[in-house]
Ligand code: BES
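Quick heads-up: it's one chain on its own, the form predicted on its own, in structure tokens.
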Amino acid sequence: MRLKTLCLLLIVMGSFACSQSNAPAPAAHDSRSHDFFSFANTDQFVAEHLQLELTIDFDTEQLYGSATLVMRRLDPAATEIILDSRDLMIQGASFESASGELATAEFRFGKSHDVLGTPVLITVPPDFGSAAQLSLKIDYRTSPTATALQWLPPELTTGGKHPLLFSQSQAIHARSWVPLQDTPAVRITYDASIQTPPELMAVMSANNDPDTARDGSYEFEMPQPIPPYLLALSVGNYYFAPIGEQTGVYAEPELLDAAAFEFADTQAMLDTAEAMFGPYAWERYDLLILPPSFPYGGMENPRLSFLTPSLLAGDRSLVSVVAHELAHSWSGNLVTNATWRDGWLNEGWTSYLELRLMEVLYSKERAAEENVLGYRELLLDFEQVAPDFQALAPRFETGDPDDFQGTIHYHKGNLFLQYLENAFGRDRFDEFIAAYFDEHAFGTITSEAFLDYLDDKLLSAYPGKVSRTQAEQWLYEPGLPDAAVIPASATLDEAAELAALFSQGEIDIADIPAADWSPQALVHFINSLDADLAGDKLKELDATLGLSDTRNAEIGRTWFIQVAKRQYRPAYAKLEEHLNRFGRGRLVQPVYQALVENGADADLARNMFERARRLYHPVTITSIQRVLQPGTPD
């Protein structure tokens, strides 16, 4: 492994040093939680603030500089701090006392792990005794293969003239660009000084100034404590366009106008969310449009959501992703899952809040359509995910937190909260929501702590509606409980009925009112076609509805999954164009999977992947390799 090689190299080189603001205080660590995906000894030392001083080097594809962690000692007898790292080249470590005294620190690497990386063990100098607070500075460089960082040459950007860098720290990738306690159980404030090429702009999950000078030197501050997976950085040829008083969008100039149009409702979303969920705690809410290789639809980095350009459909039909990332400002960013086993507390809550926003801002039917599509994805996940991981809060001690439940924690979590709303009534449940966010603000929470809170505020307070046993069934058992509220949509029911009639030859293509449908209805129509639909029918659909040439990425995803499943080879050239156009895992991984599983195209899928691989982020590459195995390196 690369990490073991790196450790040996550092030993040979002698690199071991051997022989603020008014932000709320981080909440106390929940003693019932244990994060199996972090080496950090958070029961002995807890980081409270991070100071970054980093230079961006596009030539070597590295960050270099220092990270200073202000840490609180919980155990007076503890003398060793353990941090998470992955492929970091650490060049030195030192401590600074409250009086300014400096002391070189001895450090060593522990045993590497394929998923978790490598622990860094730093010895606290004897002179620091049992100091309650310690300042630990680490000088380091990142690796060009850091899993959180993607370095794009100019030709892979929209403008084609400047390089670009972006980070993706969730779930446990922050450790590949900062040595720290990489667990959501710890919340830190941070400030940063970032040096870039003078023609480029740096932005972070912090207080970005839309009027900042483009001079290659940027200062940031995040005064609210955040979990490490929300550390985010991007550097590129970015410009800013305002949307509202608190909102705006950063993008390459070639995309700026399109992005400002597509996301024009962002300020209205923010205003509506505040009215529904309570005060917005992060001051500004801006958007950053990244290149197509960004592996997700969006990432809820506080103050600055990172978004895929695949949302730029031209008709604002995919803005539910923005609603989702904005909702994370409450569920996830304000109140955070204590471990990745509790991820539904971030994503399930956020999926529920997203639908509530869509209902108010657009329509109940639009929200219902989104809800039904999510439910259908959940049923597919139940077919592919092992029963042990179908629980909302499964036993989760091994594996990779990037990929263990599919979308179950999103959609099953949403249905659990809809079930509670239905049982207790929306008004009463809204009171519960407001109290939940207020009482747990800037803290972390486990599934068990949530269950206790739910029991106290609703289950026991209003007996006879939902028992604790019924709630525990959602958290700890596979599948869906019998009492789950199954989503329904009149427009999607119509689309499914017409798909059946068309498949059976009872209606013609001219009888399908696709021009009047939402993109969600068209997606449902495609998914509802008979499995043995003849090739001439597929050709007719494609020619009439323009499915292979659609600008809507969700329609394209749905169509090309069906193209691959049905081995409809006339559309394979367009299918490969789709795989090369997008790097978002959701849009491409299922297409590769459908090719692999159709019984004839596994080798073709691998060949397509090798041609497209350089366009993908490491997170997307890993997810695709899982479905291509055996036959591809991991």
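One rule holds for the numbers: they count along the sequence shown, beginning at 1. Just so we're clear, the structure is a prediction, and the values are computed from it rather than from any experiment.
Same protein, other form: the form predicted together with the named molecule, not shown, and the subject of what follows.
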{"item": "Heavy atom contact within 4.5 Å of the named molecule in the predicted complex, the stretch among 206 to 214, 290 to 298, 249 to 257, 452 to 460", "value": "290 to 298"}
{"item": "Partner proximity in the predicted complex: Y410 to the named molecule, non-hydrogen atom cutoff 4.5 Å", "value": "yes"}
{"item": "Partner proximity in the predicted complex: R586 to the named molecule, non-hydrogen atom cutoff 4.5 Å", "value": "yes"}
{"item": "Close approach of E354 to the named molecule in the predicted complex, 4.5 Å, heavy atom", "value": "yes"}
{"item": "Contact label in the predicted complex: E325 to the named molecule, heavy atom within 4.5 Å", "value": "yes"}
{"item": "Position in contact with the named molecule when the complex is considered in the predicted complex, options T558, S548, S447, Q170, heavy atoms within 4.5 Å", "value": "Q170"}
{"item": "Listed residue (D402, D265, D191, E106) with a non-hydrogen atom within 4.5 angstroms of the named molecule in the predicted complex", "value": "D402"}
